[in-house]
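First, one chain by itself: the form predicted alone, in structure tokens.
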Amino acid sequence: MSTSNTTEGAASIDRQIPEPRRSRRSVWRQFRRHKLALAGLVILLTFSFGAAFAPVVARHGPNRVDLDNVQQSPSWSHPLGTDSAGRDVFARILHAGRVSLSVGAVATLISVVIGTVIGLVSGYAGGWVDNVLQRFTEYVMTFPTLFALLVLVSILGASVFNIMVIIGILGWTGKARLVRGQVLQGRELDYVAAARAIGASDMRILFVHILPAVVPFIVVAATLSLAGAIIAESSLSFLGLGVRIPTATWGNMMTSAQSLHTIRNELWLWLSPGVAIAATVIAVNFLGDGLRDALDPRQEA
């Protein structure tokens, strides 16, 4: 069979055999029905907007020291009070969002790319390739994640870039197994078998026929992974192994909560970053639930 005939045949199969995909309109219609997901989207967009335009929204610089206003309670001039160096907590919350959200987003992207590639190859190739990749995945999964994070950060350093990469390369295993499972199912479907029968290449089958059906599952996994990455960065910073002060992150702003005096008398110092972390994680989880329902082809349009 010639290359041109193969391409034409594959295109003909694409037109004749419907694949389990949903239109963007039906996905949005289903997503709007999930009120908590909409609320999560609004919260996440609000934090993202505040982080992106922090220099405009905040009236003070995040590292501007004002010794005349040390540990001041919330006021009109400082809506969330000041810390032990007189720095505006509201400004630091907004600028910290830049770091925390960026670390979460980039780490999630890294883990999604690694997990998707390994899952696709493992599920579609099968045989010894699948066996080797799955044993490697299981080996990585046996590492205690927090312990591995602490060791790697201590060795490589606590820069923003290193933390992004470390969290990303430790968080791909679940996605790889998820993608592999979906590929194992997808490669046995009728339209994939038909494409294979008329001579479509493995690359075409994998990326044109199988991958689009797996994307919804990857999107949902990515949203949930974002929440985990933010918590991981915050945990490292809280323990003093994350991004170093004076660069603000929600995690290192929580270090003030280690003092019993601060916990009792200066609630604004630790409650503000704590609420930011909790609200973002909950919002991302709600968003993931909404996307899962909206992208599920079994749901009614």
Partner chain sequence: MQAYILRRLLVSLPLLFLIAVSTFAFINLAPGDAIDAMIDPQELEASASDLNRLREAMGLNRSVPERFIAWLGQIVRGNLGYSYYTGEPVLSRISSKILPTLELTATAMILSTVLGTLFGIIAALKQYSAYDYTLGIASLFGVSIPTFFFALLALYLFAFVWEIFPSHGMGYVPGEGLSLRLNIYHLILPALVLSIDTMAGKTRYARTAMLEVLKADYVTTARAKGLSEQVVVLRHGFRNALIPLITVTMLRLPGLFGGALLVEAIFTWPGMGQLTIQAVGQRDYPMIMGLTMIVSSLVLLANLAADLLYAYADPRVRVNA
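Residue numbers count along the first chain shown, from 1. Computed from a prediction, not measured in an experiment: that's the story for all the values here.
Keep in mind the form predicted in complex with its partner chain is missing from the figure; the text below concerns it.
> Hey, of 141-149, 121-129, 204-212, 187-195, which bit sits against its partner chain in the model of the complex at 4.5 Å between non-hydrogen atoms?
The contacting stretch is 141-149.
> Just to be sure I understand the contacts: of Val27, Ile43, Ala51, Leu271, which is the one whose heavy atoms reach within 4.5 angstroms of its partner chain in the model of the complex?
Selected option: Leu271.
> So, in the model of the complex, is Phe47 in contact with its partner chain at a 4.5 angstroms heavy atom limit?
No, no contact at 4.5 Å.
> Can Ala39 be called a contact residue for its partner chain in the model of the complex at 4.5 Å between heavy atoms?
Ala39 lies outside the contact set for its partner chain.
> Though only this chain appears here, would Asn69 touch its partner chain in the model of the complex if you measure heavy atom gaps against 4.5 Å?
Heavy-atom contact with its partner chain at 4.5 Å: absent for Asn69.
> Answer yes if any heavy atom of Arg87 is within 4.5 Å of a heavy atom of its partner chain in the model of the complex; otherwise answer no.
Arg87 lies outside the contact set for its partner chain.
> So, Asn63, Leu80 and Ala105: all three within 4.5 Å of its partner chain in the model of the complex by heavy atoms, or not?
Judged in the model of the complex, none of Asn63, Leu80 and Ala105 sits within 4.5 Å of its partner chain.
> Give, in sequence order, every residue of 256-288 that has a heavy atom within 4.5 Å of its partner chain in the model of the complex, or say none if there are no such residues.
Contacts from 256-288: Ala257, Leu260, Ile263, Arg264, Leu267, Trp270, Leu271, Gly274, Val275, Ile277, Ala278, Val281, Ile282, Asn285, Phe286.
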